[in-house]
Every structure is written in C-alpha cells, then in structure tokens.
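The chain below stands alone and is given as structure tokens, in the form predicted on its own.
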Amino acid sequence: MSIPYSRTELLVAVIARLLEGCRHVTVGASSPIPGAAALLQKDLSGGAMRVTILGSNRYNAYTNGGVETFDMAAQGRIDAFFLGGGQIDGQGNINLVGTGSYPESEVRWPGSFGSAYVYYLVPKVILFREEHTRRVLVPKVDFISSPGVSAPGVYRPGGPYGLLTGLAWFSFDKQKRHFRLETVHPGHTVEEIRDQTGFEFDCPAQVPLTPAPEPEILALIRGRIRKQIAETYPRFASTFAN
C-alpha cells in the first residue's frame, strides 16, 4: 500500500513536533525542510513562536544574519537551531570540513562557519541529515568541526537534542553521550537502521513507527506552508502536492 505523503512531508511534520514549546527558532541558509517545519509550528502555535530563516526577506528581522544569530544565541534568545554534517558520529560530533587526514583532505566541504558556537549555546540543536548511510553516520568523524559533548565543568547550555534522518529519529542522552533510537519511519525497519548506521546506539526492544502526519497537518503543509516557504525556496515548494 502506498503511503499518502512524501518523505519530505513526514520530516516537516516530525520537526514541527520537536519544536513545540519553543519561543524562537532560527533556521540557517539552505535548510528548506527545517524552514518549512518551523513555519508549520509557528502556525500551529497561533503565531506565538518566532521564526527566523536566514536568506528570507519576509521571515528574517536580522540585518546582519550571522553576527546577529551569534549574538542572540549568546543571550539565550534562540531556543532551537539545526546542524548537519558531511559526517556525524555516535557522540554527536559533526564534520563540516572534509574527509581524510586534515589538512591533506581527500574531500573538502564548505567549513564550520559558526556551527561550533551555536552548538554550545542553543539548548535544542537538532542534527538533521536526510541521507542515512555509513558514509555519513560514521564510527568517528575524520575532523571535529563541532563537538557533540564537552568535558565536565565546561559551560555548555546547548548541545545535540537528537538526530533526524530520512530513516529514523534518535534522541541524544547527554549523560551517556550516546544516541537512542526512538522511532523508525514508515517503510523502514530497525535492521535497516543498524545496517546503515556506522556507530552503536541504544535501542529498545520495541521501536515504534514515526507518527504519520495527520490529514489537517498535510493540508497545512501543502497549502499555507508551501506558499510561505516559497518566498525563500520556490523550487523546494514546488515539490509539495497541491
């Protein structure tokens, strides 16, 4: 039986649920799925949640995006942010620099920018990467551009809240410094997750399926949210069902 929603729509709905209770969510550049999810949760909150999407004209009150993002994070005025990486390991370390032995990298990526800074300061950092393979989810990153955990006594109100991929949702236990598999997306299995994940993770005896988007949520995504996100990401918005 075919699933009556796309993977993108599922991920938007999942992230929106994870943002419940946030006062201000900032979304970095080139992040259409988190951006759509933040707009969805803003709508569901009755407009109570503030959304800043870097690169947007309508949903961005900043005049100097990067600098103001860092200032707001340091002041405790951003509740959630999103980070990805070319590599992510089981301790929540992310690599945005490249593969191989630095500085003689085999592959170079754009670089860290301010990822490590916001990783330390924003309370709910959601790691997001659609690709779920051993190429991305590795035993140990080749270069730590943003550490997932810190030594005792280091001031760090932020850190990884969890990891969302195209296959599953993992929470992150800061005490154990370990991921825990919480849900598996419909159409996939725990065995598939284990096969495609390069690091060890905690796993309950029974892992529930990721909840599907309710009909009213799908209607919002395909209607009002699609129109709103089109201001920043018109090509992405065109992929939603009308």
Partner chain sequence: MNQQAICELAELAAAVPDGAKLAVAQDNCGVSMAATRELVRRGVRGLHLVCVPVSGLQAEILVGAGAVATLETSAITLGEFGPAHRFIDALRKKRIRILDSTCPAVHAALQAGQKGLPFIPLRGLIGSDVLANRKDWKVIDNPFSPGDPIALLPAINPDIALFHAPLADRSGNVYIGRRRELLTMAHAAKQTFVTVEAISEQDLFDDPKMAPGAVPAIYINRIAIAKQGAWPVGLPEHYGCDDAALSRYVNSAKTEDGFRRFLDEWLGEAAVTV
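These numbers were taken from a predicted model, which means no experiment stands behind them. Residue numbers count along the first chain shown, from 1.
The same protein also has a form predicted together with its partner chain, omitted here; what follows describes it.
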So in the model of the complex, is its partner chain close enough to Thr133 to count as touching (4.5 Å, heavy atoms)? no
So in the model of the complex, is its partner chain close enough to Gly198 to count as touching (4.5 Å, heavy atoms)? no
Spell out, yes or no, whether the shortest heavy atom distance between Ser145 and its partner chain in the model of the complex is within 4.5 Å. yes
is_contact(Gln91, its partner chain) in the model of the complex, heavy atom dist at most 4.5 Å: no
Heavy atoms, 4.5 Å, its partner chain in the model of the complex: which of 81 to 89, 164 to 172, 67 to 75, 125 to 133 makes the cut? Say which one. 67 to 75
Residues from 70 to 106 in contact with its partner chain (non-hydrogen atom within 4.5 Å) in the model of the complex: Phe70, Val97, Tyr102, Pro103, Glu104, Ser105, Glu106
